[in-house]
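Form predicted alone, single chain, as structure tokens, below.
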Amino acid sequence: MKKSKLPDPFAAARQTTGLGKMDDQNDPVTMVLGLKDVRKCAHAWKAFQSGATPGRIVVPSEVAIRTTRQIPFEVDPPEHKDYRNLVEPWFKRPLEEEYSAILSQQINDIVDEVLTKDSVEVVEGFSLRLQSRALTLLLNTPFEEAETWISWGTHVFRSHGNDLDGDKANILYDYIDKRITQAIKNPSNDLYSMLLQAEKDGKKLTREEVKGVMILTFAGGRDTVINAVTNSIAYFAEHPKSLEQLKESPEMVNNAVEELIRYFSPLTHMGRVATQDTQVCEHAIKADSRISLCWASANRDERTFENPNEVILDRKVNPHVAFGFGTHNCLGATHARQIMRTLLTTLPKKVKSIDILEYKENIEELGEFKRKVGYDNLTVQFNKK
């Protein structure tokens, strides 16, 4: 089996009951697996809320390590729309010409850099650095800040062998608190300052609300972007003709981005909390119990996707849900897509081939399922054109 392949562990359960079961810190989760059912539950925000106890909709739950509500991620309509309208224009900035040009230069620079080395550990030596540098653009903060974020590692709430690391989480919280204080004293044109000046219902956002947006911004797009970039590098290492195909047919890039995101599904699932006794797939769901919308399973649903376990870079019909669905579709999706588009434009121009030298897979244990989400490490050699 190819090293870059991501098997679908959910197929049998999706095709039978449509559900899976897992325990999460003694707070069980019913996993919804089919694309149709995932979409239906995502739309049913009155029955399945996001605005539960902060941290509870995340799997694994973050209730033990944070009390700040991530905004607008953990807020339900109609209030959700007010927050979303405040921040969405900022998160659409990656579409601007100047932003795209700077991002392109960042990615060109890092590709040029790795091409000078005999080997590169992709997760921390390429993907984490790329993600952190690009985040300086999204936050509109100095480029040098990326070095601080790189020092945190690939996840802001997790450390090796520990899905929930409170000490590590506190590093992020303390950092954000200091930056908010700095922005209060010396406002600039960064995201902190914009949020401090923003108003909702005629009132300025509170410090806690600003902190909630910033925690989401740091946490939501970190390991997901890292997984997407790393998995794509592994894929191109084993499919060098795909690199050449993208170079010869650059118009394919947008479709290729969507297909790689569908296939790799960098975020396995996201939870909701039932507000009432209800049913999913004819299975009883009790009020105050948790479900998860399993994006990774939905994106392999054979009832919608032809040859779902293959990467088809020019796939035409691709209604994937890798960036979520409905009210809570991913706020950072525009930024993530722009990173991937730029990467898939840059690599074919500069890289002839990629050799995988060493790797260790990152396997998530989800109750009855084990899912490869990416790599703990992936060492490769980038070969010049």
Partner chain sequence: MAKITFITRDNETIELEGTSGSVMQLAVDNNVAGIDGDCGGVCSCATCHVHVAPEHQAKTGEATEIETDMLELNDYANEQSRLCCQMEISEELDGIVLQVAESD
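Computed from a predicted structure; not experimentally measured. Residue numbers count along the first chain shown, from 1.
Another form, the form predicted in complex with its partner chain, is not on view; read the next lines as being about it.
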item	value
Which of 333 to 341, 348 to 356, 61 to 69, 47 to 55 sits within 4.5 Å of its partner chain in the model of the complex, heavy atom basis	333 to 341
Close approach of residue 28 to its partner chain in the model of the complex, 4.5 Å, heavy atom	no
Exercise: residue 286 in contact with its partner chain in the model of the complex, heavy atom 4.5 Å	no
Residue 309, heavy atom within 4.5 angstroms of its partner chain in the model of the complex	no
Any non-hydrogen atom of residue 360 within 4.5 angstroms of its partner chain in the model of the complex	no
Interface residue in the model of the complex among 268, 242, 255, 136, criterion: non-hydrogen atom within 4.5 angstroms of its partner chain	255
In the model of the complex, the residue from 132, 304, 100, 278 that sits within 4.5 Å of its partner chain by heavy atoms	304
Residues of stretch 14 to 40 in contact with its partner chain in the model of the complex (4.5 Å, non-hydrogen atom)	36, 39, 40
